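This document starts with one chain, in the form predicted on its own, laid out as structure tokens.
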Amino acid sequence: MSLSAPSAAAAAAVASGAASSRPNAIRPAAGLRFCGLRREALGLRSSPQAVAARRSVAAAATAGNGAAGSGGFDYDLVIIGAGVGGHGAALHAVEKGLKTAIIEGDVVGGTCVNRGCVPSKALLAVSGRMRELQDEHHMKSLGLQVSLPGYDRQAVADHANNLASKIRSNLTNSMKALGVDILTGIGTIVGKQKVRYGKVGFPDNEITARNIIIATGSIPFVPKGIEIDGKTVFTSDHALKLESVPDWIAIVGSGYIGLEFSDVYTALGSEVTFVEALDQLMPGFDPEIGKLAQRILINPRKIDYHTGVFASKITPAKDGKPVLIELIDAKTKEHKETLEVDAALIATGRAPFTKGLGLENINVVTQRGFVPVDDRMQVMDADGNVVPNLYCIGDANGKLMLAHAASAQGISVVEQISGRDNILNHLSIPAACFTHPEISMVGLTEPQAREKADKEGFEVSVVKTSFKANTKALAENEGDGLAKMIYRPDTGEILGVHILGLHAADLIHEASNAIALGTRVQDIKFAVHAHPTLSEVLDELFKAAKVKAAGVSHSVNEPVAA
């Protein structure tokens, strides 16, 4: 689902194929690409002629850059795993005219749609509403009066499940509409450019592909000593079903997953205890943002925490006894105390799901379960050599375990196998934590930037702006928040941007796109932002930066070359 424009030939062929089947079809603007869902929404459902046109265009394109056509192979591209990464790669491949198949052993959508991003956002939408309604002071300041809010647990759970089902159906339909073959079963690489797939109890099928992408994703990581029963001790997979709302729940791990679930559970009435192995909460965040987040998201709520400790053993509740959590010092490994709680959520990260892929058949050895890849997502064998025509994207390679990173990697790979070299800048990929208020970030944290500056010999500057100075945030009575930019004052290069505040997850993209496109501070500060909007938080941030470099790279009114 890339936003880059297709080749003129491809665009013409697609438009011609679609128009020939429906004379009165809506025509998209020249050079504009749509993902499958967008096409269906506009009545632009791909016809067989359009699919054939795309494939013929790609065959000509690959022939032109020295690659052979699809003769001798069942598919131009086979993708193992139909999560967000595999789906993004498949749609982009079809738009490039590649005959594409995707193999899925579970359900389309992978972790994100079924057990991650999508259902969790449904629960967080509920927690956001509840939190607002429960804030009597906030309501009164807006002149509103509300009765005591309540919720129906099963209806909340159904909302999350129904959303996942809807998105899963949309993803499936979008691939089918574009001509992607969806093959059901467990995919295994049996040799060079060969994949076997099948379901238990049924005969296996073997297919060949010019190129193969591994996109098998990840599963929750559960440390040793923790016993999962799915009811009182569980992972995020179980928690998203919201089968209960415990009075007191321990959350092991205070990263994105743990923080978001603390937002959900406290809004629904639970007391939360964090168990964190490192010396501070939210260790992955910029330290300044982490401290502010603790003041806003942790301290005012029914949350306490233990840092610098491991949960060495967790025993589920049974026979009328509570969940028992044995804590040991992270450094000395000495026993510190035993917690007794109603439930425990294990949010200690995720592990790659790469077993059973048949990597031993092609001399590939995983590293802590991750498939080794180079900057182009090409799989590396045990001798450090590139395995031809084999790629790995998403959580399975461990470069950046985010759904949209997987999709971006998949699109990058498809660009490469279509004859256009593409290396994804992972520092330009944003991340977000959908708490209330939200946290978002892109690029380096301040300590990371200063470490890089010390090694490479350049200066670092930092500018900040508060949501309290933003008209739109004040109109919403949501002035708590901070935006922070780390940059090079000698060149204007943006090294990192971190935001905590209302709709931070939406605001970060202006910064991430600037990093991706190489836009300098001295250029972007001339961009115009609508008033009054939250985007002016970023506008003020860019304008506050002082760059020593003389002049501006180009006028903000200068058109960008195609």
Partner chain sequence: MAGLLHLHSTLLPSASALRRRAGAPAPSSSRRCFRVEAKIREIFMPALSSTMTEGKIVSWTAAEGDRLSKGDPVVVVESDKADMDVETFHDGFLAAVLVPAGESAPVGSAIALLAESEEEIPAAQSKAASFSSGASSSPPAQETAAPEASAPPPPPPPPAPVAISAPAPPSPATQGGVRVVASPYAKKLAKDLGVDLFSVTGSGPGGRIVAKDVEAALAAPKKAAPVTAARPDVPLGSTVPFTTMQGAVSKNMVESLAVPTFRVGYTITTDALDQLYKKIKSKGVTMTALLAKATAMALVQHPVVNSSCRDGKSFTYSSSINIAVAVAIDGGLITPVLQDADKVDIYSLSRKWKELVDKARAKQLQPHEYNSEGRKWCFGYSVVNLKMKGTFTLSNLGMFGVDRFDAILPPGTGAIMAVGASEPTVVGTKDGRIGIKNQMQVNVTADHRVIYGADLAAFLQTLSKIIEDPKDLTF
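What you see is a predicted model; the values in this text were computed from it and never measured. Numbering follows the first chain given and starts at 1.
What comes next is about the form predicted together with its partner chain, which does not appear here.
For the candidate spot formed by His137, Thr273 and Asp342, every residue has a non-hydrogen atom within 4.5 angstroms of its partner chain in the predicted bound form. Looking at Thr338, you'd find a heavy atom of it within 4.5 angstroms of its partner chain in the predicted bound form. Contact check for Asn299: a non-hydrogen atom falls within 4.5 Å of its partner chain in the predicted bound form. Using a 4.5 angstroms limit between non-hydrogen atoms, Thr471 is distant from its partner chain in the predicted bound form. Interface residue remark: Lys192 is not counted as part of the site for its partner chain in the predicted bound form, having no heavy atom within 4.5 Å. Heavy atoms within 4.5 Å of its partner chain in the predicted bound form map, among the stretches 303-311, 118-126, 447-455, 229-237, onto 303-311 alone.
Scanning Asn385, Thr332, Gln145, Gln154 against its partner chain in the predicted bound form with a 4.5 Å heavy atom cut-off leaves one residue, Gln145.
The contact with its partner chain in the predicted bound form, taken as any heavy atom within 4.5 Å, belongs to Trp248 out of Phe370, Trp248, Phe221, Phe73.
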